[in-house]
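Have a look below at one chain only, the form predicted alone, in structure tokens format.
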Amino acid sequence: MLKTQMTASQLYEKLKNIKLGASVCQYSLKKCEELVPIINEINELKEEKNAVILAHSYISPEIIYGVSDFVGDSYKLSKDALTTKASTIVFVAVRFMGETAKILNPEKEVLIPAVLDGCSLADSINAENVKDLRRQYPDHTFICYINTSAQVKAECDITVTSANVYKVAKDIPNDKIYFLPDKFMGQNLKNYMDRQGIKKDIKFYSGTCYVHEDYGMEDILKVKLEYPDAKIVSHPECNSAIVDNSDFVGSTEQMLGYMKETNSRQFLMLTECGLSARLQSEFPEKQLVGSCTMCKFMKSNTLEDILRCLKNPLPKDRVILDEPTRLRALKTIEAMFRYA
């Protein structure tokens, strides 16, 4: 048994400032009273089963502030997975993130509780697509975004994240690069290289994240009319018009850091709503303006499914990789660690 259990009042203190419009992301003391029993049961089971919970920033707030041991973006959580001594990792996110944890921790059991464990971006490309592309571009270094399956990573040369893609691509000695699967990040990478005067032939795939694809310049223009001093903060999975007109562009962790450190008080945040919830909870003096978009895949993770995974995991919950694929994918991640 845990020495101390979370109370409804403690949970409410963490969640009370979160107001994102949808009832799923607004919290009363009564709602917290309903959530606390399952939160305490999960935390007790974690200790009993030597498990650790990794939660992406896009996950629902009651998971982040109720049961998670580590919170962050895919890169940070990949590193966190390496530090844990737990025998079981419950990765509250989507399938490709759990696969990355399994690539780095083959001896640990990795569970994905999401009902919808797909991802519009990761699912836009498969290993056969990469093999075809490599035949078309045999002289190119293939860079894959971390938002890809283990099978796709295994067919590439190096993995990158939204936090280090520019640095890694710049430092790779080859002047021919194929980036996949995000077409917007690929275009933003090409634009960055052009602005830096770095001459590289950069080709890219056609995949997109449906959350970030929805944002357009009208989102910025509307907010700027009403809040002229608001800072525009965006993710590099947004289109180049958004990126070029943002005050800051970066990974979810970098975005949160920027908003924490800058003196500005008002922000338009162009990424999934989970990060907006973190800002409201952790830095309530900051004001969010405009709207955000929820990812149906990330938000399909629930406390109930985390509890189920800890009690009686189903075959579909388990992340299982064949060893040849895991080792080939591992090489691309190790290459990222060397460059980044």
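Source: prediction; values computed, not measured. The first residue of the sequence shown is number 1, and the count goes up from there.
The same protein also exists as the form predicted in complex with ligand 13P; that form is not shown, yet it is the one meant from here on.
Undergrad: At the 4.5 Å heavy atom threshold, is H235 in contact with ligand 13P in the predicted bound form?
TA: Answer yes; at least one heavy atom of H235 falls within 4.5 Å of ligand 13P in the predicted bound form.
Undergrad: Flag F267 as yes or no: does it have a non-hydrogen atom within 4.5 angstroms of any non-hydrogen atom of ligand 13P in the predicted bound form?
TA: So F267 does not count as contacting ligand 13P.
Undergrad: Check whether H212 has any heavy atom within 4.5 Å of a heavy atom of ligand 13P in the predicted bound form, and answer yes or no.
TA: Taking the distances in the predicted bound form, the answer for H212 is yes, it comes within 4.5 Å of ligand 13P.
Undergrad: I'd like to check something about F179: if you look in the predicted bound form, is any of its heavy atoms closer than or equal to 4.5 Å to a heavy atom of ligand 13P?
TA: F179: no contact with ligand 13P in the predicted bound form.
Undergrad: Of the residues S246, S124, S74, S149, which one places a heavy atom within 4.5 Å of ligand 13P in the predicted bound form?
TA: Residue within 4.5 Å of the partner: S74.
Undergrad: Among I89, I103, C156, M97, which has any heavy atom within 4.5 Å of ligand 13P in the predicted bound form?
TA: Contact residue from the list: M97.
Undergrad: Choose one stretch from 141 to 149, 125 to 133, 167 to 175, 218 to 226: the one whose residues place a heavy atom within 4.5 angstroms of ligand 13P in the predicted bound form.
TA: That would be 141 to 149.
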